[in-house]
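Given next, in C-alpha coordinates, is a single chain: the form predicted alone.
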Amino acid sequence: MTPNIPEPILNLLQEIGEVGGEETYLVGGFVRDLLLKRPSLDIDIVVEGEAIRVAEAMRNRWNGTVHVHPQFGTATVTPANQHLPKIDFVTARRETYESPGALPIVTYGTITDDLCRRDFSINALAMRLDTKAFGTIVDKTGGIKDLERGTIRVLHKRSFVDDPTRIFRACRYAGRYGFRIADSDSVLIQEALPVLVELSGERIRNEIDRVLLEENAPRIMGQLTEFGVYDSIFPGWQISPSFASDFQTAQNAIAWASEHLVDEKFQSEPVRWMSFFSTRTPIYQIEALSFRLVLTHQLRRLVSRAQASQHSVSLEKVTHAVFEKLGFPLSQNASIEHHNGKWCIVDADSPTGEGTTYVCGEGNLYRIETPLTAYRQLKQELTPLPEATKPSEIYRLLKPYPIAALVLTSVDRSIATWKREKIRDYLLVLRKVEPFITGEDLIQSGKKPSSEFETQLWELFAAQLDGKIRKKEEAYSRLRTFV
(Lines give C-alpha, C1' and ligand atoms only; values in the text may rest on other atoms or scores of the structure.)
Protein backbone atom coordinates (compact mmCIF):
# COMPACT_ATOMS: atom_id res chain seq x y z
CA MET A 1 0.00 0.00 0.00
CA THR A 2 2.44 2.66 1.18
CA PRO A 3 4.87 2.43 -1.81
CA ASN A 4 2.07 3.89 -4.02
CA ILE A 5 1.94 7.10 -1.97
CA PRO A 6 4.29 9.92 -3.11
CA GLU A 7 6.92 10.56 -0.45
CA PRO A 8 5.84 14.10 0.58
CA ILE A 9 2.25 12.90 1.07
CA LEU A 10 3.43 9.72 2.79
CA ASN A 11 5.44 11.76 5.30
CA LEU A 12 2.48 14.05 5.87
CA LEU A 13 0.11 11.13 6.57
CA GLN A 14 2.60 9.50 8.90
CA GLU A 15 2.86 12.72 10.90
CA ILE A 16 -0.93 12.85 11.22
CA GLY A 17 -0.89 9.26 12.49
CA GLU A 18 1.79 10.08 15.05
CA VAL A 19 -0.32 12.93 16.45
CA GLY A 20 -3.82 11.43 16.10
CA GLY A 21 -2.99 7.83 17.00
CA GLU A 22 -5.42 4.94 16.62
CA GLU A 23 -8.41 7.24 16.21
CA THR A 24 -7.14 8.69 12.92
CA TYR A 25 -7.96 7.40 9.43
CA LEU A 26 -7.48 8.42 5.81
CA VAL A 27 -10.85 7.90 4.08
CA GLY A 28 -12.77 8.07 0.84
CA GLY A 29 -11.50 9.06 -2.58
CA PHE A 30 -7.78 9.02 -1.79
CA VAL A 31 -7.96 5.42 -0.55
CA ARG A 32 -10.07 4.39 -3.55
CA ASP A 33 -7.64 5.98 -6.03
CA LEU A 34 -4.67 4.58 -4.13
CA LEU A 35 -6.01 1.06 -4.63
CA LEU A 36 -6.68 1.84 -8.30
CA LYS A 37 -3.15 3.27 -8.60
CA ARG A 38 -4.48 6.64 -9.70
CA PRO A 39 -3.11 10.01 -8.51
CA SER A 40 -5.17 11.95 -5.96
CA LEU A 41 -4.69 14.96 -3.70
CA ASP A 42 -8.18 14.86 -2.17
CA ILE A 43 -7.07 14.08 1.38
CA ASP A 44 -9.82 13.62 3.97
CA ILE A 45 -8.97 12.60 7.53
CA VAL A 46 -11.62 11.15 9.85
CA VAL A 47 -10.99 11.23 13.58
CA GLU A 48 -12.93 9.25 16.14
CA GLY A 49 -13.29 11.87 18.84
CA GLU A 50 -12.11 15.44 18.24
CA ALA A 51 -10.98 16.23 14.71
CA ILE A 52 -10.43 19.91 15.52
CA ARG A 53 -7.90 19.02 18.24
CA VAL A 54 -5.84 16.98 15.76
CA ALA A 55 -6.16 19.70 13.10
CA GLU A 56 -4.87 22.41 15.43
CA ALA A 57 -1.96 20.20 16.47
CA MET A 58 -1.05 19.67 12.81
CA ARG A 59 -1.35 23.39 12.13
CA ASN A 60 1.30 24.01 14.77
CA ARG A 61 3.49 21.21 13.47
CA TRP A 62 3.34 22.45 9.87
CA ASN A 63 3.48 26.18 10.72
CA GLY A 64 0.32 26.54 8.68
CA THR A 65 -3.17 27.95 9.09
CA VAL A 66 -6.40 26.31 10.18
CA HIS A 67 -10.00 27.13 9.29
CA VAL A 68 -12.37 25.68 11.90
CA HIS A 69 -16.11 24.89 11.71
CA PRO A 70 -16.87 24.00 15.35
CA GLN A 71 -20.59 23.48 14.68
CA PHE A 72 -19.71 20.64 12.28
CA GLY A 73 -16.66 19.31 14.08
CA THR A 74 -14.50 19.94 11.01
CA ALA A 75 -11.36 21.91 10.16
CA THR A 76 -9.12 22.51 7.16
CA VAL A 77 -5.37 22.87 7.61
CA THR A 78 -3.17 24.59 5.03
CA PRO A 79 0.55 23.75 5.55
CA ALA A 80 3.11 26.55 5.22
CA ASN A 81 4.83 24.43 2.55
CA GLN A 82 3.00 25.46 -0.64
CA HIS A 83 3.86 22.13 -2.28
CA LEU A 84 1.64 20.27 0.19
CA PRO A 85 -2.16 20.09 -0.22
CA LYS A 86 -4.83 21.33 2.14
CA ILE A 87 -6.07 18.63 4.53
CA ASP A 88 -9.67 18.29 5.72
CA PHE A 89 -10.18 16.89 9.21
CA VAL A 90 -13.66 15.58 10.05
CA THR A 91 -15.03 14.09 13.25
CA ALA A 92 -16.45 10.60 12.59
CA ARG A 93 -20.22 10.89 12.21
CA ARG A 94 -23.41 9.13 11.32
CA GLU A 95 -26.29 10.46 9.22
CA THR A 96 -30.05 9.99 9.19
CA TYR A 97 -32.59 11.33 6.69
CA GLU A 98 -35.96 12.58 7.92
CA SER A 99 -37.46 12.54 4.42
CA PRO A 100 -36.43 11.56 0.86
CA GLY A 101 -34.12 14.10 -0.75
CA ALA A 102 -33.70 16.13 2.44
CA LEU A 103 -30.29 17.07 3.76
CA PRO A 104 -29.09 14.63 6.44
CA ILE A 105 -29.15 15.04 10.21
CA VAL A 106 -25.59 14.54 11.45
CA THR A 107 -24.44 13.19 14.82
CA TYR A 108 -21.00 12.04 16.00
CA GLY A 109 -20.17 8.33 15.65
CA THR A 110 -17.46 5.76 15.04
CA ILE A 111 -15.34 5.04 11.96
CA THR A 112 -17.80 2.25 11.11
CA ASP A 113 -20.69 4.74 11.29
CA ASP A 114 -18.74 7.14 9.11
CA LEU A 115 -17.97 4.57 6.44
CA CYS A 116 -21.51 3.21 6.37
CA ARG A 117 -23.01 6.66 5.76
CA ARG A 118 -21.11 7.02 2.48
CA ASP A 119 -22.55 6.73 -1.00
CA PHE A 120 -20.84 3.69 -2.56
CA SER A 121 -18.81 0.76 -1.31
CA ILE A 122 -15.75 1.89 -3.29
CA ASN A 123 -15.82 5.17 -1.34
CA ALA A 124 -16.44 3.51 2.03
CA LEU A 125 -12.80 2.57 2.52
CA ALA A 126 -10.39 3.82 5.17
CA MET A 127 -6.69 3.45 5.87
CA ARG A 128 -5.26 3.45 9.36
CA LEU A 129 -2.66 6.11 10.03
CA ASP A 130 -1.48 5.14 13.52
CA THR A 131 2.14 4.01 13.78
CA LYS A 132 1.32 0.41 14.76
CA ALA A 133 -0.91 -0.37 11.77
CA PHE A 134 -0.13 2.36 9.22
CA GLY A 135 -1.47 1.43 5.77
CA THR A 136 -3.97 -1.19 6.98
CA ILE A 137 -7.20 -0.94 4.97
CA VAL A 138 -10.53 -0.85 6.81
CA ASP A 139 -13.29 -2.27 4.60
CA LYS A 140 -16.68 -2.70 6.25
CA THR A 141 -18.83 -2.85 3.11
CA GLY A 142 -17.03 -4.99 0.51
CA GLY A 143 -15.50 -2.02 -1.29
CA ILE A 144 -12.27 -3.81 -2.23
CA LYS A 145 -14.16 -6.61 -4.00
CA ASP A 146 -16.25 -4.03 -5.89
CA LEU A 147 -13.06 -2.26 -6.98
CA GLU A 148 -11.69 -5.55 -8.26
CA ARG A 149 -14.93 -6.33 -10.11
CA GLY A 150 -15.33 -2.78 -11.39
CA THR A 151 -18.77 -2.36 -9.80
CA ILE A 152 -20.57 0.74 -8.49
CA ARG A 153 -22.86 -0.30 -5.62
CA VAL A 154 -24.71 1.68 -2.94
CA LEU A 155 -24.68 0.55 0.68
CA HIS A 156 -28.41 0.22 1.29
CA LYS A 157 -31.67 0.14 -0.68
CA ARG A 158 -32.81 3.65 0.29
CA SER A 159 -29.51 5.28 -0.65
CA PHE A 160 -30.70 6.92 -3.89
CA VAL A 161 -34.02 7.94 -2.34
CA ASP A 162 -32.26 9.50 0.65
CA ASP A 163 -29.93 11.44 -1.65
CA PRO A 164 -30.90 11.38 -5.36
CA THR A 165 -27.73 13.29 -6.32
CA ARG A 166 -26.02 9.92 -5.89
CA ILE A 167 -27.55 8.99 -9.26
CA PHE A 168 -25.22 11.51 -10.90
CA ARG A 169 -22.28 10.36 -8.82
CA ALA A 170 -22.87 6.69 -9.68
CA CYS A 171 -22.73 7.52 -13.38
CA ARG A 172 -19.71 9.78 -12.89
CA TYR A 173 -17.68 7.07 -11.20
CA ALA A 174 -18.79 4.48 -13.75
CA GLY A 175 -17.72 6.77 -16.60
CA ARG A 176 -14.48 7.87 -14.96
CA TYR A 177 -13.21 4.40 -14.09
CA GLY A 178 -14.88 2.33 -16.80
CA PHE A 179 -16.97 0.54 -14.17
CA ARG A 180 -20.55 -0.75 -14.39
CA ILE A 181 -23.44 0.12 -12.13
CA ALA A 182 -24.78 -2.95 -10.32
CA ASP A 183 -28.05 -4.28 -11.79
CA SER A 184 -29.72 -3.93 -8.41
CA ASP A 185 -28.68 -0.27 -8.29
CA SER A 186 -30.17 0.38 -11.74
CA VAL A 187 -33.55 -0.65 -10.34
CA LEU A 188 -33.06 1.58 -7.28
CA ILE A 189 -32.20 4.53 -9.52
CA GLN A 190 -35.49 4.21 -11.38
CA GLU A 191 -37.36 4.16 -8.08
CA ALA A 192 -35.60 7.36 -6.95
CA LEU A 193 -36.30 9.47 -10.06
CA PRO A 194 -39.53 10.98 -8.64
CA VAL A 195 -37.52 12.21 -5.65
CA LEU A 196 -34.78 13.63 -7.90
CA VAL A 197 -37.37 15.88 -9.54
CA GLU A 198 -38.09 17.51 -6.16
CA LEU A 199 -34.49 18.63 -5.59
CA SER A 200 -33.60 22.30 -5.84
CA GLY A 201 -32.28 23.59 -9.13
CA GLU A 202 -28.94 24.47 -7.52
CA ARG A 203 -28.30 20.90 -6.37
CA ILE A 204 -29.09 19.47 -9.81
CA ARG A 205 -27.01 22.13 -11.57
CA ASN A 206 -24.02 21.45 -9.32
CA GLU A 207 -24.12 17.76 -10.21
CA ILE A 208 -24.31 18.47 -13.94
CA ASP A 209 -21.40 20.92 -13.54
CA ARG A 210 -19.34 18.09 -12.07
CA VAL A 211 -20.25 15.79 -14.95
CA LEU A 212 -19.21 18.42 -17.51
CA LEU A 213 -15.77 18.57 -15.87
CA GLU A 214 -15.19 14.85 -16.43
CA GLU A 215 -13.00 13.66 -19.28
CA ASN A 216 -15.57 10.99 -20.15
CA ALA A 217 -18.54 13.37 -19.90
CA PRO A 218 -20.21 12.04 -23.12
CA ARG A 219 -20.29 8.49 -21.77
CA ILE A 220 -21.63 9.70 -18.41
CA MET A 221 -24.30 11.79 -20.11
CA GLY A 222 -25.30 8.79 -22.18
CA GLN A 223 -25.85 6.65 -19.12
CA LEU A 224 -27.82 9.37 -17.33
CA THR A 225 -29.98 9.65 -20.45
CA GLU A 226 -30.58 5.89 -20.47
CA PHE A 227 -31.84 6.14 -16.89
CA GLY A 228 -34.25 8.91 -17.97
CA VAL A 229 -32.70 11.48 -15.64
CA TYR A 230 -33.00 14.52 -17.90
CA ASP A 231 -36.54 13.83 -19.03
CA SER A 232 -37.47 13.48 -15.35
CA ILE A 233 -35.93 16.85 -14.48
CA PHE A 234 -37.65 18.60 -17.38
CA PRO A 235 -40.19 16.70 -19.49
CA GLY A 236 -39.12 16.65 -23.12
CA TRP A 237 -35.49 17.50 -22.37
CA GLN A 238 -33.35 15.39 -24.67
CA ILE A 239 -29.57 15.43 -24.81
CA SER A 240 -28.38 15.96 -28.38
CA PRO A 241 -27.05 12.82 -30.13
CA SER A 242 -24.12 15.03 -31.16
CA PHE A 243 -23.14 15.79 -27.56
CA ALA A 244 -19.82 13.93 -27.84
CA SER A 245 -18.68 16.17 -30.70
CA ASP A 246 -20.27 19.25 -29.09
CA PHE A 247 -18.37 18.49 -25.88
CA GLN A 248 -15.10 18.18 -27.80
CA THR A 249 -15.82 21.54 -29.45
CA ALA A 250 -16.23 23.06 -25.97
CA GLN A 251 -12.94 21.52 -24.84
CA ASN A 252 -11.21 22.95 -27.92
CA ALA A 253 -12.77 26.37 -27.24
CA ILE A 254 -11.60 26.38 -23.62
CA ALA A 255 -8.09 25.34 -24.69
CA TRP A 256 -7.99 28.12 -27.33
CA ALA A 257 -9.17 30.74 -24.83
CA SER A 258 -6.62 29.65 -22.20
CA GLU A 259 -3.88 30.18 -24.79
CA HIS A 260 -5.08 33.39 -26.47
CA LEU A 261 -7.15 35.24 -23.84
CA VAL A 262 -4.70 34.91 -20.96
CA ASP A 263 -5.17 38.51 -19.80
CA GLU A 264 -8.93 38.18 -19.42
CA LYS A 265 -11.13 36.63 -16.76
CA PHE A 266 -12.46 34.00 -19.13
CA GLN A 267 -15.03 31.66 -17.58
CA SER A 268 -15.18 28.18 -19.06
CA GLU A 269 -18.44 27.11 -17.36
CA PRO A 270 -20.77 28.96 -19.83
CA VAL A 271 -18.92 27.34 -22.73
CA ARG A 272 -19.64 23.87 -21.34
CA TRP A 273 -23.32 24.66 -20.80
CA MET A 274 -23.69 26.13 -24.29
CA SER A 275 -22.24 22.95 -25.77
CA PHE A 276 -24.42 20.87 -23.46
CA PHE A 277 -27.56 22.55 -24.73
CA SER A 278 -26.13 22.51 -28.29
CA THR A 279 -27.73 24.24 -31.23
CA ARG A 280 -30.49 21.63 -31.42
CA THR A 281 -32.04 22.51 -28.06
CA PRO A 282 -35.02 24.84 -28.61
CA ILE A 283 -34.42 28.33 -27.26
CA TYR A 284 -37.57 28.24 -25.11
CA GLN A 285 -36.20 25.08 -23.49
CA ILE A 286 -32.81 26.68 -22.78
CA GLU A 287 -34.66 29.59 -21.16
CA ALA A 288 -36.79 27.28 -19.04
CA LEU A 289 -33.81 25.19 -17.94
CA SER A 290 -31.81 28.31 -17.10
CA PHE A 291 -34.61 29.28 -14.72
CA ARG A 292 -35.17 25.78 -13.36
CA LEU A 293 -31.47 25.10 -12.71
CA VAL A 294 -30.67 28.66 -11.59
CA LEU A 295 -28.20 29.21 -14.41
CA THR A 296 -27.30 32.74 -15.49
CA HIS A 297 -30.47 34.55 -16.54
CA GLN A 298 -32.53 37.71 -16.13
CA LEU A 299 -36.27 38.24 -15.94
CA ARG A 300 -37.60 40.87 -18.34
CA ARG A 301 -40.99 42.11 -17.23
CA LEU A 302 -43.78 41.95 -19.79
CA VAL A 303 -46.76 42.80 -17.60
CA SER A 304 -46.77 44.49 -14.20
CA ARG A 305 -49.30 43.90 -11.42
CA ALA A 306 -50.93 47.26 -12.27
CA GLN A 307 -51.14 46.45 -15.98
CA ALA A 308 -52.70 43.07 -15.22
CA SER A 309 -55.25 44.81 -13.02
CA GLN A 310 -56.18 47.07 -15.93
CA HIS A 311 -57.15 43.91 -17.81
CA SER A 312 -59.24 42.81 -14.81
CA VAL A 313 -56.96 39.83 -14.12
CA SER A 314 -54.52 38.83 -11.40
CA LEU A 315 -51.28 37.02 -12.16
CA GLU A 316 -51.46 35.43 -8.73
CA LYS A 317 -53.71 32.95 -10.57
CA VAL A 318 -51.88 31.41 -13.51
CA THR A 319 -54.51 30.12 -15.94
CA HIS A 320 -55.03 29.92 -19.69
CA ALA A 321 -57.83 32.49 -19.40
CA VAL A 322 -55.55 35.03 -17.71
CA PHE A 323 -52.92 34.71 -20.42
CA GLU A 324 -55.60 35.01 -23.11
CA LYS A 325 -56.82 38.32 -21.66
CA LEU A 326 -53.26 39.68 -21.49
CA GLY A 327 -52.64 38.88 -25.16
CA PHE A 328 -50.29 35.95 -24.60
CA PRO A 329 -52.46 32.94 -25.48
CA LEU A 330 -51.24 29.52 -24.39
CA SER A 331 -51.80 26.20 -26.10
CA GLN A 332 -53.70 23.49 -24.28
CA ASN A 333 -50.46 21.56 -23.78
CA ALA A 334 -48.68 24.35 -21.87
CA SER A 335 -47.21 23.17 -18.55
CA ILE A 336 -47.38 25.25 -15.38
CA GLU A 337 -44.96 24.30 -12.59
CA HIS A 338 -43.69 25.99 -9.43
CA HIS A 339 -39.91 26.45 -9.18
CA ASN A 340 -37.68 28.80 -7.20
CA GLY A 341 -40.62 30.63 -5.62
CA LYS A 342 -42.28 31.46 -8.95
CA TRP A 343 -44.49 29.87 -11.58
CA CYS A 344 -42.76 28.69 -14.76
CA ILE A 345 -44.99 28.32 -17.81
CA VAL A 346 -43.53 26.33 -20.71
CA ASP A 347 -45.50 26.24 -23.94
CA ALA A 348 -43.82 24.03 -26.52
CA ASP A 349 -46.80 24.45 -28.86
CA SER A 350 -46.99 28.23 -28.53
CA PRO A 351 -48.92 30.06 -31.28
CA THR A 352 -45.59 31.66 -32.27
CA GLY A 353 -44.55 28.25 -33.56
CA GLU A 354 -41.21 28.32 -31.74
CA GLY A 355 -42.21 27.54 -28.17
CA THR A 356 -42.33 30.09 -25.36
CA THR A 357 -41.37 30.21 -21.69
CA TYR A 358 -42.83 32.66 -19.16
CA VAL A 359 -42.34 33.24 -15.44
CA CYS A 360 -44.94 34.62 -13.04
CA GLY A 361 -44.09 36.02 -9.63
CA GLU A 362 -45.20 38.79 -7.27
CA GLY A 363 -48.10 39.49 -9.60
CA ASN A 364 -45.84 40.19 -12.62
CA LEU A 365 -45.32 38.34 -15.91
CA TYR A 366 -41.79 37.91 -17.20
CA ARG A 367 -39.81 36.50 -20.11
CA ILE A 368 -36.48 34.82 -19.45
CA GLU A 369 -33.28 36.14 -21.00
CA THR A 370 -30.11 34.09 -20.74
CA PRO A 371 -26.71 34.39 -22.45
CA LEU A 372 -26.75 30.61 -22.87
CA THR A 373 -28.97 31.01 -25.95
CA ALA A 374 -26.30 33.18 -27.60
CA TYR A 375 -24.39 30.30 -29.21
CA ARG A 376 -27.44 29.11 -31.10
CA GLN A 377 -28.51 32.64 -32.06
CA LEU A 378 -25.04 33.56 -33.30
CA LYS A 379 -24.85 30.50 -35.54
CA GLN A 380 -28.18 31.51 -37.06
CA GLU A 381 -26.96 35.06 -37.71
CA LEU A 382 -23.75 33.81 -39.29
CA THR A 383 -25.58 31.66 -41.84
CA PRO A 384 -26.35 34.43 -44.41
CA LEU A 385 -23.11 36.38 -43.77
CA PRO A 386 -21.26 37.16 -47.06
CA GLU A 387 -17.50 36.69 -47.23
CA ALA A 388 -17.03 40.33 -48.28
CA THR A 389 -18.42 41.59 -44.95
CA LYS A 390 -16.47 44.63 -43.74
CA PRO A 391 -14.63 44.67 -40.38
CA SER A 392 -17.03 47.34 -39.09
CA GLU A 393 -19.99 45.10 -39.96
CA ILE A 394 -18.34 42.16 -38.18
CA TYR A 395 -17.75 44.39 -35.16
CA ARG A 396 -21.38 45.51 -35.05
CA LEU A 397 -22.64 41.93 -35.47
CA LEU A 398 -20.45 40.35 -32.81
CA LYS A 399 -20.25 43.08 -30.16
CA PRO A 400 -23.54 42.14 -28.37
CA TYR A 401 -22.52 38.49 -27.93
CA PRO A 402 -20.82 37.15 -24.78
CA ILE A 403 -17.20 36.05 -25.08
CA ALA A 404 -18.11 32.42 -24.33
CA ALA A 405 -20.40 32.20 -27.38
CA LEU A 406 -17.79 33.84 -29.62
CA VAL A 407 -14.99 31.54 -28.49
CA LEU A 408 -17.18 28.47 -28.90
CA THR A 409 -18.27 29.52 -32.38
CA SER A 410 -14.70 30.36 -33.41
CA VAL A 411 -13.69 26.68 -33.12
CA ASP A 412 -16.93 25.12 -34.34
CA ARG A 413 -15.95 23.19 -37.48
CA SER A 414 -19.54 23.18 -38.72
CA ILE A 415 -18.99 26.88 -39.52
CA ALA A 416 -17.06 27.99 -42.59
CA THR A 417 -13.35 28.56 -41.99
CA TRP A 418 -13.42 32.19 -43.14
CA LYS A 419 -16.27 32.96 -40.72
CA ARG A 420 -14.34 31.44 -37.83
CA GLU A 421 -11.30 33.51 -38.82
CA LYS A 422 -13.37 36.69 -38.72
CA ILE A 423 -14.63 35.81 -35.24
CA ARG A 424 -11.08 35.20 -34.00
CA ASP A 425 -9.98 38.48 -35.60
CA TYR A 426 -12.74 40.23 -33.68
CA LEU A 427 -11.72 38.54 -30.42
CA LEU A 428 -8.02 39.27 -30.79
CA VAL A 429 -8.01 42.61 -32.65
CA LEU A 430 -11.23 44.42 -33.52
CA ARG A 431 -12.87 44.53 -30.11
CA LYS A 432 -9.71 46.03 -28.61
CA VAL A 433 -9.53 48.95 -31.06
CA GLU A 434 -9.92 52.34 -29.34
CA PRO A 435 -11.79 55.00 -31.37
CA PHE A 436 -9.79 58.07 -32.45
CA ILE A 437 -12.72 60.30 -31.48
CA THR A 438 -14.96 59.65 -28.47
CA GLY A 439 -18.22 61.14 -27.28
CA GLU A 440 -16.25 63.31 -24.86
CA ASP A 441 -14.29 64.73 -27.79
CA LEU A 442 -17.53 65.69 -29.56
CA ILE A 443 -18.92 67.34 -26.42
CA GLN A 444 -15.74 69.39 -26.02
CA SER A 445 -16.06 70.48 -29.65
CA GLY A 446 -19.47 71.95 -28.84
CA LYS A 447 -21.78 69.17 -30.00
CA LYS A 448 -24.72 68.04 -27.88
CA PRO A 449 -25.64 64.36 -27.39
CA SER A 450 -28.35 63.32 -29.88
CA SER A 451 -29.22 60.56 -32.33
CA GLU A 452 -27.13 62.41 -34.93
CA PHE A 453 -24.31 62.53 -32.37
CA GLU A 454 -24.37 58.73 -32.02
CA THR A 455 -24.55 58.25 -35.79
CA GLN A 456 -21.51 60.43 -36.37
CA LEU A 457 -19.50 58.60 -33.73
CA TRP A 458 -20.29 55.26 -35.29
CA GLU A 459 -19.53 56.43 -38.84
CA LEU A 460 -16.12 57.66 -37.72
CA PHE A 461 -15.35 54.46 -35.81
CA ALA A 462 -16.57 52.26 -38.69
CA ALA A 463 -14.30 54.10 -41.09
CA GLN A 464 -11.43 53.56 -38.66
CA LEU A 465 -12.17 49.81 -38.38
CA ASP A 466 -12.34 49.51 -42.17
CA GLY A 467 -8.97 51.23 -42.59
CA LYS A 468 -10.38 54.37 -44.23
CA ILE A 469 -9.16 56.50 -41.32
CA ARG A 470 -5.71 55.80 -39.94
CA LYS A 471 -4.97 58.87 -37.79
CA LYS A 472 -6.84 61.04 -35.33
CA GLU A 473 -6.30 64.07 -37.59
CA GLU A 474 -8.02 62.21 -40.44
CA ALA A 475 -10.96 61.48 -38.14
CA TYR A 476 -11.32 65.19 -37.30
CA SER A 477 -11.09 66.08 -40.99
CA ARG A 478 -13.93 63.71 -41.77
CA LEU A 479 -15.93 65.01 -38.78
CA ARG A 480 -15.79 68.52 -40.28
CA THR A 481 -17.48 67.18 -43.44
CA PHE A 482 -20.61 66.21 -41.46
CA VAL A 483 -23.43 68.71 -41.74
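Everything numeric in this text was worked out from a predicted model, so none of it was measured. Start at 1 and count along the sequence shown; that's the residue number.
The same protein also has a form predicted in complex with adenosine-5'-triphosphate, omitted here; what follows describes it.
S.K.: Pick from 39 to 47, 63 to 71, 423 to 431, 438 to 446: which stretch has a heavy atom within 4.5 Å of adenosine-5'-triphosphate in the model of the complex?
M.R.: Every other range fails; the passing one is 39 to 47.
S.K.: Check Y173 for me: does it contact adenosine-5'-triphosphate in the model of the complex (non-hydrogen atoms, 4.5 angstroms)?
M.R.: The answer is yes: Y173 has a heavy atom within 4.5 Å of adenosine-5'-triphosphate.
S.K.: Although adenosine-5'-triphosphate is absent from this view, report whether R32 comes within 4.5 Å of it in the model of the complex, heavy atoms only.
M.R.: Although adenosine-5'-triphosphate is absent here, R32 would touch it in the model of the complex, with heavy atoms inside 4.5 Å.
S.K.: Could you tell me if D146 has a non-hydrogen atom within 4.5 Å of adenosine-5'-triphosphate in the model of the complex?
M.R.: Close contact is absent here: in the model of the complex, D146 is far from adenosine-5'-triphosphate, nothing within 4.5 Å, heavy atoms only.
S.K.: According to a 4.5 angstroms non-hydrogen atom cut-off, is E393 in contact with adenosine-5'-triphosphate in the model of the complex?
M.R.: Because no heavy atom of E393 falls inside 4.5 Å of adenosine-5'-triphosphate in the model of the complex, the answer is no.
S.K.: Just to confirm, with a 4.5 Å cut-off on non-hydrogen atoms, which of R219, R117, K379, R180 contacts adenosine-5'-triphosphate in the model of the complex?
M.R.: Only one option qualifies, and that one is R117.
S.K.: Would you kindly say which of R128, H260, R94, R210 lies with a heavy atom within 4.5 Å of adenosine-5'-triphosphate in the model of the complex?
M.R.: Here the answer is residue option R210.
S.K.: Going by heavy atoms, what in 163 to 187 lies within 4.5 angstroms of adenosine-5'-triphosphate in the model of the complex?
M.R.: If the 4.5 Å heavy-atom criterion is applied to adenosine-5'-triphosphate in the model of the complex, 163 to 187 yields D163, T165, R166, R169, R172, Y173, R176.
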